[in-house]
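Single chain ahead, written as structure tokens, the form predicted alone.
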């Protein structure tokens, strides 16, 4: 009885000690978790600092300048007078600024249409087996590898009046009887940079769409063939719906890449003739660094910022949908 009483008397102490050990283990576990979290944030610090310095701060400064009457004397300080919405009123009222916005959307829409049609056709072509297919797939990415300014200079030589390859070819086949001034005609200059940008962006569309076509299950195409579907019906009713998430993401990325084109226009036309090829990027550069109207240039540049704020969440949404679709297809 005494031994039992002693055991009953010591049991609460043992329980307290076990609870103490458990609490100590939890504290050690919590401390280890905090160390792990701290290490993670330390590894992320360089990336966060780079994003803040290279992206966030310039965007904030650009937005601030769009509400200021900034001049070369005040560009390096924060003493520029507040202008309110005057810069934005100027952008909306300036004919060249409005034309630059319209040209940008025309240029972007035409580029996306041409790049998608040609890129999708080439992607379908490369799914077939023919001699030289591997070499063709390798050469198709060459335009994409060239710097934009180099592409602009190349097309400037191609479309020049005297000795330009395009004029020589058209006159040799009898389509025209005299050389066309592609780069100095306000009605043709925008078409010139549009053709150059389509040539530049076709490889991007071709590679992404070709990869999507490779992921279409073979049994699905065979089932459609056994059901009597022709090539056009298989493409329209089977293949395109399956790769539609990739098409959407590709078009969105193509829009982002095209709407910010700058080097190509500078190398090909410089925004001329008579501002006929001015885009948002080139006219914003002209306002800021040639006319030194930094506030007006920043206000125009914020149009691209708004487009980026729209496209970023849309891209995340479409890319997640594409991943879900790919996961469902794979399963």
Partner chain sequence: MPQLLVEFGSCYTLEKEKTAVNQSAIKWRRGLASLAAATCAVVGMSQVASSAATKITLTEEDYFNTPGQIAALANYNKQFEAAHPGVTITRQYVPFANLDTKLLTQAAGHDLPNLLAVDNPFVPTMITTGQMVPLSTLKGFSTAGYYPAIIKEGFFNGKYYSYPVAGANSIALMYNIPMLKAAHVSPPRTWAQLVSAAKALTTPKRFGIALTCEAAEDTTWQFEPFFWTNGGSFAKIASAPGVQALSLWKQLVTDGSASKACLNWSQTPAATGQFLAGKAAMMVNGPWNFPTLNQQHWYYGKQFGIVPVPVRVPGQHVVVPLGGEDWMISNSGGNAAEQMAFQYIQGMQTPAKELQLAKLFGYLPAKIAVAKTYLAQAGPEWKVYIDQTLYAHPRTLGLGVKYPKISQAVWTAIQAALSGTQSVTAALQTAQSQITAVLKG
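In this text, all values refer to a predicted model and were calculated from it rather than measured experimentally. Residue numbers count along the first chain shown, from 1.
Another form, the form predicted in complex with its partner chain, is not on view; read the next lines as being about it.
For the chain shown alone, residue 187 is a contact residue for its partner chain in the predicted bound form, at least one non-hydrogen atom being within 4.5 angstroms. For the chain shown alone, residue 237 is not a contact residue for its partner chain in the predicted bound form, no non-hydrogen atom being within 4.5 angstroms. Its partner chain in the predicted bound form comes within 4.5 Å of a heavy atom belonging to residue 72. In the predicted bound form, at least one heavy atom of residue 94 sits within 4.5 Å of a heavy atom of its partner chain. Although its partner chain is not shown here, in the predicted bound form the stretch 282-311 places heavy atoms of 283, 286, 289, 290, 291, 292, 293, 296 within 4.5 Å of it, in sequence order.
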